[in-house]
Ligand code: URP
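Next up: just one chain, as structure tokens, the form predicted alone.
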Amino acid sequence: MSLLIKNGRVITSTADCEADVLVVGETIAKIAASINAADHPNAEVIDASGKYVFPGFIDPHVHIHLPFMGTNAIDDHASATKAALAGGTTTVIEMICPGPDDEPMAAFHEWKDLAAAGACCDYSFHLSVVRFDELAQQQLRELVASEGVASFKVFLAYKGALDIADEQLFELMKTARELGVIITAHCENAEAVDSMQKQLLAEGKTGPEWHEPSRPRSVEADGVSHLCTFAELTGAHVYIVHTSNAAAVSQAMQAKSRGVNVFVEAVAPHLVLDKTYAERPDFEGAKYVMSPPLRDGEEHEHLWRSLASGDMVTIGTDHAPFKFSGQKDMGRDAFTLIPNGIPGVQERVDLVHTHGVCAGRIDLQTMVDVCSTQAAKIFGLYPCKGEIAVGSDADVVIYDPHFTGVFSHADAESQVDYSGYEGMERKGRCELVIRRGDIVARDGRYVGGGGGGRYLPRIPTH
């Protein structure tokens, strides 16, 4: 199948120009100021007049199959990736989160098999390391060599469940440096959070509004400092996920100034929501419990400025879909039992366009860079992904910047029972989403068939 996209404004991280784009099969075959449709009689012609033509977006931080706090995220790979595609995301990198007794090899194949059975967009994985004994070390090396695992995940949080002891973290980071694998990290302080949670519960402070005070900004900044110290000592490359506040970003930039190889991620909830959402009455705030928590609204401008300056390099979602009814309400008697996460894989691109570009905080090229290109470069997917160039995968988004509306759960492809952004203003929408040459979404709704996603092995390069 061939597609000829004409009259669009092609926007990448480095270019902004009027151009036509020819897609042949699964790849981009030609880009020119004008391509004559008569020279390609078998191509379907798409008129993109007045529209942006973006590379397919990449979400570097999603959870789909996620066992957490005694339950499991409600999406499967079909529903989550349909949501991603409806919102313009053509590639996701999912976090594999095994338990401390699980073997890395078994966990990887469990997640990969589930994705292969249902994923509609292309996908890869970060492999969480929650144990680092001799068997785990051996299996991690095998997975890097044979399955193209190029990023690990560590948690400096969730004491007794997902956290890893310092001596193991140090050895893991030395191994990652040896293998060229990047370490992605949830940075807090597991011991401090655990102590504060126990104190608050003992005082009868059990509602979701106490989640943020149990893990304040200083705890997150401390976790960033701690990780960066280990990175400095081992030479490992580190990527700090869902960074929520200026103090944490500052710790990373101080380390970077010393030569530490550190990348910093923002996620959509921290850019547009604040902690008052988690303080809503009648337990409604549970919908907005995530870790690190939503912060004061003043942090929004700090984070947007960091994205504009390049201190923060990507925007993900930390998509973690738990139903309000039947899952989030497990924590009615104790906020520590509320499954953490806010769904958002479908809304991310429109949120960034609305609150970033339309608000004058970032330009269109920065939007492409932080929502697509940098993730591709950092995680070994570039230039097949994250770019509009001859030879790149034909992952293309034709975007209507003139669309206006509101975010609504009624438009969701995810199986979660609420939208974290319900009723918020929405400027812009994906008119067409093309995954490797196939049109899979129109006007913000998924229209492709079942499956079609492809696993993306990666070569460690750090």
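Start at 1 and count along the sequence shown; that's the residue number. It should be emphasised that the depicted structure is a prediction, and the values quoted were computed from it without experimental measurement.
This next part talks about the form predicted in complex with this ligand, which is not shown.
The three marked residues, Lys287, Lys323 and Phe407, fail to reach this ligand in the predicted complex, with no heavy atom of any inside 4.5 Å.
Distance criterion of 4.5 Å from any heavy atom to this ligand in the predicted complex singles out Asn340 from the list Ser392, Asn340, Ser306, Ser225.
Checking His242, Lys377, Arg217, Lys112 against this ligand in the predicted complex, a heavy atom within 4.5 Å turns up for just one residue: His242.
When this ligand is considered in the predicted complex, Tyr158 lines it closely, a heavy atom lying within 4.5 Å. Proximity of Arg435 to this ligand in the predicted complex falls outside the 4.5 Å heavy atom cutoff. Among residues of the shown chain, Phe68 is one whose heavy atoms approach this ligand to within 4.5 Å in the predicted complex. At the 4.5 Å threshold, heavy atoms of Asp163 stay clear of this ligand in the predicted complex, well away from it. With the partner omitted here, the stretch from 395 to 403, 31 to 39, 60 to 68, 414 to 422 that lies within 4.5 Å of this ligand by heavy atoms in the predicted complex is 60 to 68. The single residue of 165 to 197 lying near this ligand in the predicted complex is His186, the criterion being any heavy atom within 4.5 Å.
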